[in-house]
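In structure tokens, the next block holds one chain alone, the form predicted alone.
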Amino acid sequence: MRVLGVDPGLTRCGVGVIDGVPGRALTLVGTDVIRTPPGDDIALRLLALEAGIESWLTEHQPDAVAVERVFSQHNVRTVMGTAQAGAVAILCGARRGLPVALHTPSEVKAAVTGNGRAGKEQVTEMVTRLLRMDNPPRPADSADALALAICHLWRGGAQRRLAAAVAAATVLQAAAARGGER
């Protein structure tokens, strides 16, 4: 499975692609940061992010997209920009019919390091090890994007199976309820 991880941000949007399956060694396909000038109009910045993400989708043809779920931040302006950038990534994936998953920062940290409160350095170190990279991915936005992709690859299958089980149970409950009405 190939996953594109997106660490959303207006100034620096981390992107990273990995290949792998749970239980096997992961392979780094690529990572980078899409940058937009802080002084540009928001519309132009969002268009630039869209073009950058679309380019990554076209070049790497992922099977799924994992985006960091925007969590509360103290600076409302920052959280709005992050949410807008995340929405662009979600839209790009959805436009292509790809499954798009949102993962919280603590979920990503727990998946990659075993500790949901791990620091950025710990996440970067584990991403470097898991992908057998000679040097840590820089800047941190790249490491975060790769961590999102790893998290999705390792947890996404379990989440899909759980959702399918819940849906099946709901169908069975509804059928049982209809049978009891007769």
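One rule holds for the numbers: they count along the sequence shown, beginning at 1. All values derive from a computational prediction rather than experimental measurement.
There is also a form predicted in complex with a further copy of the same chain; it is not shown, and the following applies to it.
Only one of the listed residues (V29, V70, A118, L26) places a non-hydrogen atom within 4.5 angstroms of a further copy of the same chain in the predicted complex, and that residue is V70. Residues placing heavy atoms within 4.5 Å of a further copy of the same chain in the predicted complex fall in a single listed stretch, namely 37 to 45, out of 144 to 152, 57 to 65, 37 to 45, 128 to 136.
In the predicted complex, a further copy of the same chain lies farther than 4.5 Å from every heavy atom of V108. Contact between V88 and a further copy of the same chain in the predicted complex is found at the 4.5 Å heavy atom cutoff. Contacts with a further copy of the same chain in the predicted complex, taken as any heavy atom within 4.5 Å, map within 82 to 103 to A83, Q84, A87, V88, I90, L91, A94, R95, V100, L102.
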